[in-house]
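Only one chain comes next, encoded as structure tokens, the form predicted on its own.
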Amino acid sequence: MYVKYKLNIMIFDSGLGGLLFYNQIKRIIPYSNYFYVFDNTGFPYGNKDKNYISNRIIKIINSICKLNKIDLIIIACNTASILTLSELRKLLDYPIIGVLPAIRIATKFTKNNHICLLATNNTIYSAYISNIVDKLSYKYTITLIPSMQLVYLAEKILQGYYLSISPLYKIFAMWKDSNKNTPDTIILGCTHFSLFTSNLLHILKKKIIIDSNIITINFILNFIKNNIHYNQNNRFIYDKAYCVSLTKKTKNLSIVLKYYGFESLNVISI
């Protein structure tokens, strides 16, 4: 299933995890122009200061919008969305949608009322998550697992490295056999973690995996239908990728980006 919207959509992430999000939404809205933007200098955001993150995102988005007409901005990073989304919407005059951990959605699927959120440090220890957990604590047990190690692992794999995913097995080894004391529903609260969905389904055969990316894409479709006036005559250019600093390491990502459909990697100045 796909829709024929012709939009200029910016997808922002600190690293390459947003490529997984891009890959999913591109299948549903294939006729739009996509601008994938990643902050390779600031990566990762999962252990950075809130002001540091928001200031960088504002500068980066403004730089991209000076170069391209943008219809919709997607912050494909749970950490950045949780810490800065409300502030970004106040300061920037563009439709902005963020990816947020789908905790409330998970409550509709759990059978034993025990849910696990797997995310970065900043997401797990944020006031946003704390408030949700407190509000749901009357009925649900929510286990919070922070893992920056998996973020680095996913980033390396997306760059083309063949690495062992043993850290993933170690985290969930104790939950392989379902019982009433362990969560039956796992939320992927980081864009990077979509890379491990099939592995988790293999490890945790009787668990439900909630990918926050999929939930957000459905929200985006409804948002576009109800809020964005688009021009059917928009000219299709080609999908562009941008980074903050073009280092030797970043240049090597051209092969990865071409695999996802980006013909060139451009540099923006902030």
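Every value quoted in this text rests on a predicted model; they were computed, and no experiment measured them. One rule holds for the numbers: they count along the sequence shown, beginning at 1.
Not on display, but discussed next: the form predicted together with D-glutamic acid (DGL).
When D-glutamic acid (DGL) is considered in the model of the complex, residue 45 lines it closely, a heavy atom lying within 4.5 Å. At a distance threshold of 4.5 angstroms between non-hydrogen atoms, residue 102 is out of contact with D-glutamic acid (DGL) in the model of the complex. Taking the partner from elsewhere, residue 151 is found to have a heavy atom lying within 4.5 Å of D-glutamic acid (DGL) in the model of the complex. Although the partner is absent here, residue 187 is not a contact residue: none of its heavy atoms lies within 4.5 angstroms of D-glutamic acid (DGL) in the model of the complex. Contact with D-glutamic acid (DGL) in the model of the complex, judged as any non-hydrogen atom within 4.5 angstroms, is confined among 108 to 116, 127 to 135, 143 to 151, 196 to 204 to 143 to 151. Residues of 7 to 29 placing a heavy atom within 4.5 Å of D-glutamic acid (DGL) in the model of the complex, in sequence order: 13, 14.
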